[in-house]
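Okay, so here's just one chain, in structure tokens, the form predicted alone.
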């Protein structure tokens, strides 16, 4: 295999570029934006939570996502925090915990004292909870920047502000453009989030607050920052966060801990996630390569497995028919 063009520098494009470069391919990544960031991956929560996601997702999400934390640890040591996930609910919605637990696995029940030991700042606020000890989280922006830098050091060529169409000399292509891809089967699912900053709260792991209408997750970031997300709106509209969504996210954050009411809103952001009808990712064979798409809300969780599969397909094509030789 000589030269492969990867279209798109989101998490799918970066992970497949790494898999291909690690196997000896000469890789160029074409990104329509002028620099890293600004896509759905940039606004992601970064939760590597296959068991929690299984509550509302199909079994393949768990199967594909189990090894995600190991992949990120191997590729970017120290970037993934393996502190698990805590799931709680307000007293009036405590039945949501039973429903959540019945739809997944990999958890243990916690009482009030157990919750306080895990997250002292939540002491006395919740009577029961679920702890998924095998899960992890990362900061998508730090990880994407670090992976970009590693890929450059590995010899991967990045071309910004181009879509990759018409670039000569590539035997294979991998289309990782997400919602921008020319695929009528895709739909957009808009996700909105807030970045909050407050020194009054410390959390060691993502916390999910269950609510029948406004479920929330809070993911700790560096320097007292927290990512609060995320809405799931059936829309491919790109634009600022709406008033309704900001009120819902901020209100849910205050329900988790009242101190979030005094937090500074550092950033609001919205991204459009690419999804197929079944909300599962796909790898589709193209004339001279493959397309990875439909990662939905599971980008950082599923991208490593999808990237490995795509690289396997391309190298198998290379061996069998010489299409990429």
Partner chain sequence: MFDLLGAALPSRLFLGTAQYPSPVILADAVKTSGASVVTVSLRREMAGGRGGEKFWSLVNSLGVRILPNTAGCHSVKEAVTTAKMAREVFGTSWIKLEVIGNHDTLQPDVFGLVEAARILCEDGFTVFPYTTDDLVVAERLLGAGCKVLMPWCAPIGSALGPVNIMALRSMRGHFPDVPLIVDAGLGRPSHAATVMELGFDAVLLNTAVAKAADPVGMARAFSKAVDAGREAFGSGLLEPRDVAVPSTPTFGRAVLS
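Just so you know, these numbers come straight off a predicted model, no measurement behind them. Positions refer to the first chain, counted from 1.
Omitted from view is the form predicted together with the partner chain, to which the following refers.
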* Examine residue 262 and determine whether its closest non-hydrogen atom to the partner chain in the predicted complex is within 4.5 angstroms. => no
* Can you check whether residue 214 is within 4.5 Å of the partner chain in the predicted complex, heavy atom basis? -> yes
* Using heavy atoms and a 4.5 Å limit, would one call residue 236 a contact residue for the partner chain in the predicted complex? -> yes
* Asked: Is there a heavy atom of residue 244 no more than 4.5 Å from a heavy atom of the partner chain in the predicted complex?
  -> yes
* To do: With the partner chain left out here, work out from 252-260, 273-281, 34-42, 66-74 which stretch has heavy atoms within 4.5 Å of it in the predicted complex.
  => 273-281
* Of 205, 221, 208, 187, which residue is found within 4.5 angstroms of the partner chain in the predicted complex when only non-hydrogen atoms are counted? -> 187
* Go through 200, 248, 163, 112 and name the one with a heavy atom inside 4.5 Å of the partner chain in the predicted complex. => 248
* Mind listing which residues of 61-96 have a heavy atom within 4.5 Å of the partner chain in the predicted complex? -> 92
